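Take a look at this single chain in structure tokens; it is the form predicted alone.
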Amino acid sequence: MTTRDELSLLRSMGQIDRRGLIKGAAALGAVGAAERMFGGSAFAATPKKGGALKVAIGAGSTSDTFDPATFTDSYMQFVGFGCMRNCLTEIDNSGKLVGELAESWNATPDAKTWTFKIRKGVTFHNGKALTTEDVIDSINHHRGPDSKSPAKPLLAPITTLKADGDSVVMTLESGNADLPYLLSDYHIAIMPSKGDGTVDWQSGTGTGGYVVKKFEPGVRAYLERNPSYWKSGRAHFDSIEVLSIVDVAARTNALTTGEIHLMDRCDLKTVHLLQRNKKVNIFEVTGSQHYTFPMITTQAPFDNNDVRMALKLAVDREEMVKKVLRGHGMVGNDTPIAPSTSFYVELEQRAYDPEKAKFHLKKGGAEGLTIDLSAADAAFAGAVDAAVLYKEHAAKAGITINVVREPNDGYWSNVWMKKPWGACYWGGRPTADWMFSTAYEAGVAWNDTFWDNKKFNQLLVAARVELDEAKRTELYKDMQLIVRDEGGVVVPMFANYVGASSDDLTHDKMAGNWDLDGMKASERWWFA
């Protein structure tokens, strides 16, 4: 019998097609994350339990809630997804899709009907046994007509959702081999049903490795290990305190003084100095994280594609990677599909060209353009510096950019998708369809450019149901070209995940699908 590892290898080598993948019932692939470790010790071999972990996250807001449909930043992703709850599937630290609350799954040959067998013996923090009703109601939590959940478009193709014994059966409008991947999304965590078709999200009750005890939105969360956690060899800490410390200098100081053990988003300007500290380990993972400058395309002047093209040509990507990322990343090409993502197609790289930018400004009737660019380091570490650098680049094209320094607190609720042009970061997604369906498809909750391209939308649907790998690749190539040349987002760079921990923390190989070991450091790491 073909093993999961063999399927994954064959898939990555192009020796198994999408139909074969469905038949293998594994829906495997690779996010292509590659990890570099420096300044630290080797991986420890045997985990041990104990200790109180303190983590500082460079995000968080006073508007945060336990409702996964409202999660917008890495703070609640770490707390709600990484600590408190589980999904049906999970991307492990090698980039493979594995079962989490779903023990196994299979699909019909057309990938339209999927059956997920729900794991037995799992209980919620309140002692309630996991049932198919919990799964169904948790999924429907994002599907309602009034839902604004970012997961709604991922689940929209589901036409019927029902229980069949200890399994949940999902029937789609049309085939989608990515469905098991989509169900690993951190928004689609499983919560206890109230028995009336709704779920209890308010209490924070989940099936995860840690039980929340205290929660101050935008400040801190305190959790204790779930003594009945169903995953063996996971959730090693006695307790976890997660602090929201947006200021990177404050996070770094907290680490060096021993106030915390783990932080994300190192200051890339000073990470080489932090590396000299023998009590600190620096970790770096290459994945699909990218930094962007989205424009609301329904508002002038961004409703003019010549203006959008001028702004894309008016940024020096190489210099931005060098100065903002300090080399810890790669140049972007105005498409969110990273080389590590399935169906990535290498396109001609867009270069800095002030003269060509001037041509498009003139063509669009926007010579002497003056615009505001909102930025805060809550968007991404170095976002303000990136905006200032962008201003300098654009000046050579005759564009005046006024950099508006926004408050960190409330950036995602008050600025992102509210102000016409701003800074943003994306962790990326394991598949092209998932990324496009989350942020580029017309009408989805996180389409932060409000972009609506008829041809792109048609190709997206066509690619999702195409079983021929070569044809599907061509469709995704066309979509990447459309986004690059007509979309409303500037993607100047892909950024490595760079974080730091105290030298008494250790772990196995790290995942690259999200920061902090796929946001699962809480259950995968331990004190040496």
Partner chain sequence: MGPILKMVAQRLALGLLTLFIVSLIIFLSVEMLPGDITEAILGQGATPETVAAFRRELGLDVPAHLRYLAWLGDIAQGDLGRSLASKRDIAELIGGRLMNTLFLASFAAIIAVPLAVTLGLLAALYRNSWFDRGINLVTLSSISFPEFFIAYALIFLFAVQWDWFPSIVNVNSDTPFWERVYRCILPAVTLTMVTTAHMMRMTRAAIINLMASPYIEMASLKGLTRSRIIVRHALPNALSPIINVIAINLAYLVVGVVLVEVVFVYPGLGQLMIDSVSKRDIPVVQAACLIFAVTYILLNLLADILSILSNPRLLHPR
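Positions refer to the first chain, counted from 1. Nothing here was measured: the structure is a model prediction, and the numbers come from that model. Rigid core here is just the name for the largest C-alpha set that superposes within 1.5 Å across the two forms.
Note that the form predicted in complex with the partner chain isn't included here; everything after this is about it.
- Interface membership of P420, defined by any non-hydrogen atom within 4.5 Å of the partner chain in the predicted complex, is ruled out.
- Although the partner is absent here, E392 sits far enough away that none of its heavy atoms falls within 4.5 Å of the partner chain in the predicted complex.
- Using a 4.5 angstroms limit between non-hydrogen atoms, P145 touches the partner chain in the predicted complex.
- Of the heavy atoms in K96, none are within 4.5 Å of the partner chain in the predicted complex.
- In summary, the region of this chain contacting the partner chain in the predicted complex, judged by heavy atoms within 4.5 Å and restricted to 354-362, 442-450, 330-338, 100-108, corresponds to 442-450.
- Three-residue candidate spot S61, W416 and Y425; every residue lies within 4.5 angstroms of the partner chain in the predicted complex by at least one non-hydrogen atom.
- Interface residue among K152, R234, R225, R326 relative to the partner chain in the predicted complex, by the heavy atom within 4.5 Å criterion: K152.
- With the partner removed from view, the residue among L161, L274, V384, A250 that has a non-hydrogen atom within 4.5 Å of the partner chain in the predicted complex turns out to be A250.
- Of all the residues from 229-244, those having a non-hydrogen atom no more than 4.5 Å from the partner chain in the predicted complex are E241, L243, S244.
- Comparing the forms between this form and the one not shown, the C-alpha position of T438 differs by 2 angstroms or more, with the core used for superposition.
- The Cα position of G209 differs by less than 2 Å between this form and the one not shown after fitting on the rigid core.
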